[in-house]
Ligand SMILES: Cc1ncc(COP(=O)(O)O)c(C=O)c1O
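A lone chain, given as structure tokens: the form predicted alone.
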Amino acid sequence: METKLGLSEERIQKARELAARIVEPVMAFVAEHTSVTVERATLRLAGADGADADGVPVPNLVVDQCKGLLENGALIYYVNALVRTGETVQGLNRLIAGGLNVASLPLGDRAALEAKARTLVEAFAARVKANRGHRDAKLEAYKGRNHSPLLYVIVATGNIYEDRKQAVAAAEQGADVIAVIRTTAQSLLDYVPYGPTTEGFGGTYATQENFRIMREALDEVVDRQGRYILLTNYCSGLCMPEIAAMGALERLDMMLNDSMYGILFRDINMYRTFVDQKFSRMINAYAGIIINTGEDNYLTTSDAVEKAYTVLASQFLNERFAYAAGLPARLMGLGHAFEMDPTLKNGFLLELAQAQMAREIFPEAPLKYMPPTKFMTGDIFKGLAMNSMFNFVSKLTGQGIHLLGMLTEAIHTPFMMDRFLALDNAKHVMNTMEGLADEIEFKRDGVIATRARKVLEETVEFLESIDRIGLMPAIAQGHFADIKRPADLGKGLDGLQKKGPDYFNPFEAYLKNELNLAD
């Protein structure tokens, strides 16, 4: 991409080299470990589904039965039960929900178990390939009909059936992406609820049935609107790989997927969540799902001017983590945000510098740009003006995924009319300035270009300091978002497991092969 900012290619490459060095020891740790949710995700890919009379999901039942045996992986015991009982996957799920302990059955011939597992992998692969094929066909049929950037709105009623109505309305008003916000604190649940739900708080539970309901609803809109409508949910927290598995099976198109977010803002143990992130991203890569990362959240606790370099540094790290999981750049929705104090003199120029810098450094990534929230006061007229400036910057700098700002931010969860006004504003601003980016050049010694080069240099220096001490110690010391998270604390650490010599996970092996990942 042609640079308008005069950024140093040498310094950009230096940042990428540092990110690769920083990530390498983390990935070495990840390669040797699994977790309870990685194993549950593997079971879900194999078809494990349903729940017992108390609502405990079948994947959780199986993994709980494998306590003390998890170094071998949970799938070997599930597959062994299929062979021993002669049941179908659905039949075995019913037996497990009824009380069958698969870990109590003697293991049969390894070759027979491996052969049976291959049939499960093949069934998973066929379903996901069909999902990818459907998405690609619709995107090709309606090529050029979506907005650029993609206009992204949220629904968050707590009731999946109300979410469905609001999502359809938003799509018909012009939204390209519908995100279903998760119920408060679901990221801290070490299980995925079963079935449709109607009683979430500040959002709706992420379940496979809820995914299916929303995907079906949006598919009904696609042909009417002549645009493919993308569906998003949250693949983060203690069940990252499981939600990725559900998204792959039900054809979600985007997923918020960032371990740093969970570590910093949900106090999830860093060892556990780095392990979970790798497998979840492998699934997303295979399913063609765009990940969205959470760098914008750093600016809720840190100043957006002073700590802008932490956002760019995290983008470099997330890029490297994504490559290590097989994700191509076109599936990396690296995050950033329009979050500077609106009273700051030349603040608009600094925001523009940050957005243009991200676009030039990550030219292939569909960058996820977040709207003003931190300084929204409830003054809807000022809020609308701030969102208009945000819309302007997003279009001018060629962002990929544009999460619409709501004029009622800081007042309430958006109503349907709030979304309509947000969509109307964005479409107006972006239409009337369609070709402006091609007309604009930046002074090499001006405020915008100087600011961008300064942030890049600060980022390199920051990454050099992280390289010296290591990523995990840096997180523990509060170098990101001014939040300290010790490596040996945090939620979910007890769910981490070192792999044994006989660890069995043919889904992981299949994904590595398909994504050309080294062991």
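One rule holds for the numbers: they count along the sequence shown, beginning at 1. Computed from a predicted model, the values in this text were never measured in an experiment.
One more form of this protein should be noted, the form predicted together with the named molecule, which is absent from this view; the next part is about it.
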Exercise: residue 351 in contact with the named molecule in the model of the complex, heavy atom 4.5 Å: no
Close approach of residue 292 to the named molecule in the model of the complex, 4.5 Å, heavy atom: yes
Residue contact check: residue 213 to the named molecule in the model of the complex, 4.5 Å heavy atom: no
In the model of the complex, residue 182 touching the named molecule (heavy atom, 4.5 Å): yes
Stretch from 394-402, 232-240, 381-389, 139-147 whose residues place a heavy atom within 4.5 Å of the named molecule in the model of the complex: 232-240
Candidate site 258, 261 and 297: all three near the named molecule in the model of the complex by heavy atom within 4.5 Å: yes
The single option of 131, 208, 187, 157 touching the named molecule in the model of the complex, heavy atom within 4.5 Å: 187
One residue of 127, 266, 165, 427 in contact with the named molecule, assessed in the model of the complex (non-hydrogen atom, 4.5 angstroms): 266
